[in-house]
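In the block that follows, a single chain appears as structure tokens, in the form predicted alone.
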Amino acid sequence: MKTIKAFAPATVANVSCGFDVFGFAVEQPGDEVTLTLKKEPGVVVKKIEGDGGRLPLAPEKNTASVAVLAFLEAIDRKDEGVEIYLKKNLPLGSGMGSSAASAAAALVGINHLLGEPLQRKELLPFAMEAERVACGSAHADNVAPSLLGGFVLIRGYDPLDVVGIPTPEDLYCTLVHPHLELKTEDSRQVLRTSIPLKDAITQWGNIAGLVAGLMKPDFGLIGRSLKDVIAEPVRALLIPGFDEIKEKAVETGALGCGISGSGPTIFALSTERELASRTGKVIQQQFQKLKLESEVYVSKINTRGAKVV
């Protein structure tokens, strides 16, 4: 086999209370990466589609190629020749893990192409290196669920300790992406560098409650735990109408609603597909009132993660 195509899904990082330590994958949208082995050594990004010409073709700057380069060096095959064709279905700066999806798809593809020398979880450090290039921080709350699927807890980074959390069968995600762009670096700059102990205790209780709610499963507990007192209060200021949007989503019947990653995409969790679809329409209507166009995606939680197509 000389050519292979792989897909990696969008992800919701933070999941309200789980700032920088929690994330989950959805079914759609996602990025596609086609990789072809070539005789000449070196990794080449041949073409990128869907980015409006904004992403770099330089292999040391593109997340898909950075991940492949790190992988090849780790398995001592850095002289391998690889061509990469990247199809971006995820909007840039959307808060849906765009850079992570490109890296995850590339890694699953090259690993399969070369005979699966590494286990899926062993690919994580290379995807994290791609995240470092993309936004300056080697975080795993997008790449881990994109690679592994489901809900993922990043318990620690030194050493890397990633834990999969069981996903209730009847859980649906609504993603609404308004036509705004927020850079991760900008969203991080508005965060406080220290927090009151009272807020920290509230946040700890909510993340523990969210994990327990998923594992029991207890949808009421999940809903009560989807509250962020650290990042959301300040990041909400960057998203027009956020407080009213959140209120309307919960009134519609969603378990909870929050900012996906660093925004501006909004996520909501529901117990039925029809309810998740209705929630998406309500959120979209709120954006329309603000003269903002948006896309709505509804799916079950993706428990498989990135895959070879």
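Just so you know, these numbers come straight off a predicted model, no measurement behind them. Note that residue numbering begins at 1 and tracks the sequence as displayed.
This protein has a second form, the form predicted in complex with a further copy of the same chain, left out of what is shown; the following refers to that one.
Novice: Within a 4.5 Å heavy atom cut-off, is S225 in contact with a further copy of the same chain in the model of the complex?
Specialist: Result yes; S225 sits at the interface with a further copy of the same chain in the model of the complex.
Novice: I'd like to check something about E293: if you look in the model of the complex, is any of its heavy atoms closer than or equal to 4.5 Å to a heavy atom of a further copy of the same chain?
Specialist: Because no heavy atom of E293 falls inside 4.5 Å of a further copy of the same chain in the model of the complex, the answer is no.
Novice: Counting only non-hydrogen atoms and a 4.5 angstroms cut-off, does R192 reach a further copy of the same chain in the model of the complex?
Specialist: Answer yes; at least one heavy atom of R192 falls within 4.5 Å of a further copy of the same chain in the model of the complex.
Novice: Is L92 close to a further copy of the same chain in the model of the complex, meaning a heavy atom pair under 4.5 Å apart or at it?
Specialist: No, no contact at 4.5 Å.
Novice: Tell me which of 154 to 162, 170 to 178, 100 to 108, 125 to 133 has residues with heavy atoms within 4.5 angstroms of a further copy of the same chain in the model of the complex?
Specialist: Of the stretches listed, the one contacting the partner is 154 to 162.
Novice: Indicate whether the candidate residues Q203, I207 and K216 are all in contact with a further copy of the same chain in the model of the complex, with contact defined as any heavy atom within 4.5 Å.
Specialist: Every listed residue reaches a further copy of the same chain in the model of the complex, so yes.
Novice: Can you work out which of L114, I230, L72, A236 has a heavy atom no more than 4.5 Å from a further copy of the same chain in the model of the complex?
Specialist: Here the answer is residue option I230.
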